[in-house]
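Let's start with one chain on its own, the form predicted alone, as structure tokens.
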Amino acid sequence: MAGYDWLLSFIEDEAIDCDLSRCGRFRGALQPSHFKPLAEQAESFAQKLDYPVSIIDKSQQHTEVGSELYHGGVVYQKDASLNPAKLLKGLIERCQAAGVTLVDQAEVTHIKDNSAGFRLTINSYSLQASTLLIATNGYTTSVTQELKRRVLPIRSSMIATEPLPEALINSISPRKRTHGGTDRLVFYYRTSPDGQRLLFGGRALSYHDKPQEYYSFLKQNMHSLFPQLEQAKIANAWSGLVAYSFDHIPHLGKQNGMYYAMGYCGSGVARANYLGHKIALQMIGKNGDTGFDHFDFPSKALYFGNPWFMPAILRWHSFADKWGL
């Protein structure tokens, strides 16, 4: 919550135009048995944190979401949404205004430590760095093998509908919140900032970027939630890699002289910005303490960074969601 509050304050202080909306989030119970523990967890949050919630029973959920698939749910009143591409653009502009040199399409292929810090190989070029931060998350490679074997890259995919009639959009999301459920595959959706499209995302069943697979998979699940979208056309589809840690906790610290921050477990918009801020403070010798500092960064025996087993696990989760296991 500290990270969430920090990010919203940062965006407003820096006047970054990223379609920030304090809209709240509805999370639905996919099975009747999910409702009670979901409500109890939310009430615990409300008691222990500054995190107001509303419990929505089945008879009232039509005021929050236009789907009969759920069995009640919870509204997290403080949650917000933004356009992450616009946030990134704002960060880039403020870095450049501060005199920072940013170079894209420059993959580091080798790192060697020396008395002056680190020598980096980038294509045919060589660069000397006194301090180094590894912030590669789902794109961590064998260049930093000890970090690669501590994160599980998982592909997250999204589709966007064509512009829809206002009445149809309102039937799906009456309050224009962000949405999700208790499904294992973590489907999430909301209207676009202009209120004309539905953006629908979830875990892809393949590690590789295969739009033909996640396009149809997401579309099928979108129709299960919202039969009223059966005739809606899909205008865009895209994907990228997130990274989970084995203990489902983000990690930051220092290893082999290199700083690192990664393992945001699908919540990287808030966590990556906040923990990036904190690890930067640590790098310049200031107080960058966080609630995650005392956790070890675990791996598993025989795991070297290739998540070959994840498609099978995700398909099992898909099966379990479908049959209510």
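Just so you know, these numbers come straight off a predicted model, no measurement behind them. Quick note: we count residues from 1 along the sequence shown, nothing fancier.
Separately, the form predicted together with a small molecule exists; it is not shown, and the next lines address it.
For the marked spot (Gln196, Ser216 and Glu230), a heavy atom within 4.5 Å of the small molecule in the predicted bound form is absent from each of the three residues. For the small molecule in the predicted bound form, the listed stretch (155 to 163, 69 to 77, 92 to 100, 219 to 227) containing residues with heavy atoms inside 4.5 Å is 155 to 163. A heavy atom within 4.5 Å of the small molecule in the predicted bound form is found for exactly one of Leu205, Leu87, Val108, Ile234: Val108.
Interface residue among Ser192, Thr136, Ser171, Ser245, judged by heavy atoms within 4.5 Å of the small molecule in the predicted bound form: Thr136. Using a 4.5 angstroms limit between non-hydrogen atoms, Gly288 is distant from the small molecule in the predicted bound form.
In the predicted bound form, the small molecule sits within 4.5 Å of a heavy atom of Tyr188. Heavy atoms of Leu132 never reach within 4.5 Å of the small molecule in the predicted bound form, leaving it off the interface.
In the predicted bound form, none of the heavy atoms of Asn256 sits within 4.5 Å of a heavy atom of the small molecule.
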